[in-house]
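Here you'll find one protein chain in two forms, each presented separately as structure tokens under the names structure 1 and structure 2.
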Structure 1
Amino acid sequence: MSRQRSLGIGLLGLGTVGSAVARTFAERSRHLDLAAGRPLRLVAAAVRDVSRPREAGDVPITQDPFAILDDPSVDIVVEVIGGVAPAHDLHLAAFERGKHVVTANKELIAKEWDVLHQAARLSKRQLRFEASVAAAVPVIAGARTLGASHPRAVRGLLNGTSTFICSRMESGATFDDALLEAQRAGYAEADPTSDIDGLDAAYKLVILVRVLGRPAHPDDVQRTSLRGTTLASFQAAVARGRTIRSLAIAELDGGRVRARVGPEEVAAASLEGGASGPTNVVTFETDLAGTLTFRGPGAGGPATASAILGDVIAIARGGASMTGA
């Protein structure tokens, strides 16, 4: 390894994903340093409740996010708080202080794309968000390689909770029973609205459309809730050799984008029809590159941490800027 100075990383948030990032630093520090081509150092993590027990190695913690943002030894801020507030202001503050930002925050990126990218450009720092869509599955990196093509559509399964519920209903469970099972298994939150009403998938779909160079906003995505899907509709689909999955689809026609999220029939033998649990499936249809499909674990602490640390490593190695719209 060359004798380059170490890069300091500060974590904003130490929940499931943040703790997985911290544990990976503790367990694989030498591997991360070799991959980055320089030493990486986890400086500290900001949390809301410092008294809450966590399995996150021995990373120092603070309740004050600005203790991290104002620390001159922190070069990269990793934000895994989620939501728009206070994450939006913390991103802008990080750029103002000359920090790179890595995030898994799909809602913030989808809603505030222009503002955040402009702030990154003005600060000459990088905004990276591979973990915001499909966790460890490199769909954003894949989408960025399609610049010479004219993308025609992007579609897929972008929400593991909905996919789990659909796979259980396909096996005969009612919606309520499948949702309860998803909550017990840790796939669904106590309030599953964002997942089953399509908000989570809409945010991710918008990010993919923006990466492909088209304008989009979550408000423009037509959403149909999974709540109204009946066991009888699954049984009828299965009888025809088909099944139902909650799909996210964006059709790109020149500068026009038609985007929707909701339950639709798919072939039972397709990758989408065979998916269950946290599996994500994303397909790009293009003119030059043809049809490209990505599949893999789209949720979970370790998978999301893998994507986050991939972005950290890319910054450390001086990768090309990811701030362009």
Structure 2
Amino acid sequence: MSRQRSLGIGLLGLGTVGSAVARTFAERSRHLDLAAGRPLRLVAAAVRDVSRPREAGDVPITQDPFAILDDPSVDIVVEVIGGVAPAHDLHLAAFERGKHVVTANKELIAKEWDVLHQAARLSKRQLRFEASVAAAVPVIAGARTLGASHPRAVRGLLNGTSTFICSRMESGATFDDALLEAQRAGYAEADPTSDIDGLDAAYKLVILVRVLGRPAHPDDVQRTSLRGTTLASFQAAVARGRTIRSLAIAELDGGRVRARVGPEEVAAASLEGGASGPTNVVTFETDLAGTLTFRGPGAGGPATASAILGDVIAIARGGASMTGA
């Protein structure tokens, strides 16, 4: 390994995803150092409640996020708190202090794209958010390679909890039982309304559209909740060789972006119809590159930690600026 100085990483948040990041550091530190080409050091994690038990290796814990932001040994801030406040101010504070930011926070990136990208540009630091869409599936990286093409549409399954619920209901489980299972598995948001009513998928869809260079905002995504879909509708669809999935679709042809999220029938034999558990499926339709489909685990601690650490490694290797704007 080269003799470059080590890079310090500070974690903001130690829930399902933050704990998975910390455990990965504890369990495969040497592997991460080799991948990064230099030593990586997890300096500390900031949490709201220090007394809460968690499985997060032996990372030092603080209640004060500024203990991490003001620490000169922290080069990269990994924000996995989620939501807009206080994450928004913490991102800006990180850039003001010359830190790179890596995040899984789809709501914040979708709503505050311009502000955050401008802050990153001004501070000449990177804002990376591969984990914010489809967790381990490299769809942000994929979308960035399509710059020469005209994108026509993005469609797919962007919410693991909804896909999990649909795949269980198709086999006869009730909506409430399936949701409980998704919550126990750590896929659902703290408030699962965001999953079920399509907000979570809308944030991710907006991020993909923005990466493709088109304007979008979560308020402009038409949403239909999965909650009204009955077992009888699943049975009727299955009897016709079809099933139901909560689809996120953005049509990009022409001047306007038309985006929607909600339950729709799909062929049972399609990639989307066959997706179960927290699987995400993302298809880009373009002119030059044709149709490209990505598929893989779109939720859960380890899958999200994989994407976060991929971004950390890219920064450590000095990849080109990925502020994306």
Ligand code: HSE
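Residue numbering: sequential along structure 1, first residue numbered 1. Rigid core here is just the name for the largest C-alpha set that superposes within 1.5 Å across the two forms. All figures in this text were calculated on a predicted structure; none of them were measured in a lab.
The chain as displayed in structure 1 is taken from the form predicted on its own. Shown in the overlay between structures 1 and 2, fitted on the rigid core, is a CA shift at Gln222 smaller than 2 Å. With a cut-off of 2 Å and the rigid core superposed, Ala178 has a Cα displacement that reaches or exceeds the cut-off between structures 1 and 2.
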